[in-house]
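The data below hold one chain only, encoded as C-alpha cells and taken in the form predicted alone.
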C-alpha cells in the first residue's frame, strides 16, 4: 500500500498493524467505530484477533489480558467509553501493562453530541486514573499523524510498560485524505524487554540502569504475578511505606525523565514576538491564520504540540523563548492552557477556545491574535 485515500481512523488501524498489534477489542461508538471495522478486516489475515466486547469495560479488559499474555494490544472508543475504561486504565498504570488506547473525542459532557468533535477529554486522559500517576498522550493533527503517532504509541507502550493514549478527534478521525504510506518515515519497532536468560524472574524487580521491569508473559513456563494492589518487587501485596513510595516515585519518574525523547511537534517561524500554540484538530486553522498574518506583515510563530502528557516542558520553553506573548487555541473551554501558563511563568498567555460543536476558524484565531 502506497498512495491511499483514507480517514484518520483507518490510518490508526494500519499503523497499529505495522507496529505489531495483533489484538484489538472494542465496542461500537461514534466516532471511533471505523477503527473497529478496519481492524476486523485487517487483523485476522495476519493471524491477529479482533473482538467486539459486550461493552467498553469488557473490551479494555480483554486487551489487558492479551497484553499480559505478551500480545501488542489496542482498543478504541470516545469520551463515554473512556469514562468506563477508568478503572482498567488505573490497573494498567499500576501493574505496568502496555496498551494503546485511542480516544476519538466528541463533544461532551456525557453522551454529548456524537457527531460533533471537541478536545474536551484532554485533562481526563491525564488525570482519569486513581492515584494520578502519569500516562503518555499523543495527539494527531491529520491522517499522516494518525499513522505515524500510532507507531510511536506502540513503541512507547512497549518501552515504558504503560498505557499510551492517542487523543484524536471526530474531525481528524473521520476526515478522508490522501496519504502516501511509503513516504512516511518509520521509527524502529520496539518490543518489551524479556528478562536475561539464566536470571531468576522477579515480576517487578528493577535492574541496575533501568526504570522499567523486565516482561514475562502470563501463561509461560515461569510463574508471573499481577495485582492491581500496591506491591513489592515480587508482585505480592504490600503496605510497607518505603516499598510503596519507591514504586510510586518510579512510576512517575520513568515517564517524566524521558519526555524529551518523545516530545513530538511541528513549528513554524520561531522568531516572532507572538506565538500561537495549539494541538489536534485546530492545527490547520492555526496554520492558515499564521499564513494570513504573515502575508499582512504581522508574522507570528506557531507551535503544534503532538505530545501533551507528560507536559514537554523543555520543548515549550525553548520554542517560546523569543516570544513575549503566547496565544493558546483549544477546542474546549480551557484545559491545557493552564499548563502553558505554568510552564511559561512570566510571559503573557492568552486563551481562545470554544466547545459548541463547531470548528474554530482561521478568522477567529486571527482575531484572537490581533485583538487579544
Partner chain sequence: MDSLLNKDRPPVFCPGCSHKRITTALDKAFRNMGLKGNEVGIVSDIGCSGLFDTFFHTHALHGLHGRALTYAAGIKLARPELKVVVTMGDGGQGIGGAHLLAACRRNLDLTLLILNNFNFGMTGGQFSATTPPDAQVGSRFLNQLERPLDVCQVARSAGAPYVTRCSSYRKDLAAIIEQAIRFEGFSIIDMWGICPGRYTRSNKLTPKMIEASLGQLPPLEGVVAENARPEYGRRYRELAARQHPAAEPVKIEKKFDPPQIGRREVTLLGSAGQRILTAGEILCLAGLSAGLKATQKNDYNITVLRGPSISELVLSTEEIGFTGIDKPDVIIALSQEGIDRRKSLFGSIDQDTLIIQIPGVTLPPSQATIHTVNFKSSGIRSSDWATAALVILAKSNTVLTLQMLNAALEARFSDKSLSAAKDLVEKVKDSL
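Positions refer to the first chain, counted from 1. Quick caveat: nothing in here was measured; it's all calculated off a predicted structure.
There is another form of this protein, the form predicted in complex with the partner chain, and it is not shown here; the text below is about that form.
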> Tell me which of 305 to 313, 333 to 341, 319 to 327, 34 to 42 has residues with heavy atoms within 4.5 angstroms of the partner chain in the predicted complex?
Replying inline: 34 to 42
>> Check for me: heavy atom within 4.5 Å of the partner chain in the predicted complex, for each of 6, 50 and 226, yes or no.
In response: yes
> Ok, 187, 109, 217, 233: which has a heavy atom sitting within 4.5 Å of the partner chain in the predicted complex?
Replying inline: 217
>> Give me the residue from 252, 269, 246, 288 that has a heavy atom within 4.5 Å of the partner chain in the predicted complex.
In response: 288
> Is there a non-hydrogen atom of residue 178 within 4.5 angstroms of a non-hydrogen atom of the partner chain in the predicted complex?
Replying inline: yes
>> Test of understanding: in the predicted complex, would residue 135 fall inside 4.5 Å of the partner chain by heavy atoms?
In response: no
> Is residue 205 a contact residue for the partner chain in the predicted complex, using a 4.5 Å heavy atom cut-off?
Replying inline: no
> With the cut-off set at 4.5 Å between non-hydrogen atoms, does residue 197 touch the partner chain in the predicted complex?
Replying inline: no
>> With the partner chain taken in the predicted complex, which residues across 50 to 71 come within 4.5 angstroms through any non-hydrogen atom?
In response: 50, 51, 54, 55, 57, 58, 61, 62, 64, 65, 66, 68, 69, 71
